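One chain is shown next in structure tokens, namely the form predicted alone.
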């Protein structure tokens, strides 16, 4: 069996001979990334699965609001070669849609649900992709989009609390705040060249 570096180079040669890759990154001896056009995603994932990359390790997205794009990221793994492959492709941010890869990787069902929930991406062909998975009762824009404002959401949905400088001792235990403050004062003094 070849080592992982040779396997990664072999993957690059294999993929670039079959697909018009926008960008290739040899991230490490264990990981290669390819940026492709969205129309090549399904064909490429099917090709890689038939070539030994049988495990879909992850599917997620990245929000690029300055480009008005969402970037889908699929990660597949080949146990024999020990190499992860990232397949990346950008889609429209205002109308983020992609056909599901459920026919290729049935395990994508929950990854696509999560990507819909956190980024708002619609996966056509996955009947469960729009069911809530984690954020039960969520009523705002998807929280991993960069225009989501967590402070505004918190202020709109939760009562405001007043916090004081006083620390409450719990379970009748001695407060550790004074010891921490003394330790930090000692560290600061040592850094300034004072006593040790």
Partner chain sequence: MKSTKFSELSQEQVDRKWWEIGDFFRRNSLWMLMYCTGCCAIELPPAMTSAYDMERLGMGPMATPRQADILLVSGYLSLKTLRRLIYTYEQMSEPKYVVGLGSCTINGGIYHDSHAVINQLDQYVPVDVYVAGCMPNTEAVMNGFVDLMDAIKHKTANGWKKYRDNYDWYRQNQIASLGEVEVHDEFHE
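Numbering follows the first chain given and starts at 1. The model shown is predicted, which means the values in this text are computed figures rather than measured ones.
Form predicted together with its partner chain: not shown, discussed below.
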Non-hydrogen atom within 4.5 angstroms of its partner chain in the predicted complex for each of 13, 35 and 38: no
is_contact(residue 52, its partner chain) in the predicted complex, heavy atom dist at most 4.5 Å: no
Contact test in the predicted complex: residue 138 vs its partner chain, heavy atoms, 4.5 Å: yes
Contact label in the predicted complex: residue 150 to its partner chain, heavy atom within 4.5 Å: yes
Residue 113 within 4.5 Å of its partner chain in the predicted complex, heavy atoms: yes
Sequence-ordered residues of 50-72 touching its partner chain in the predicted complex, heavy atom within 4.5 Å: none
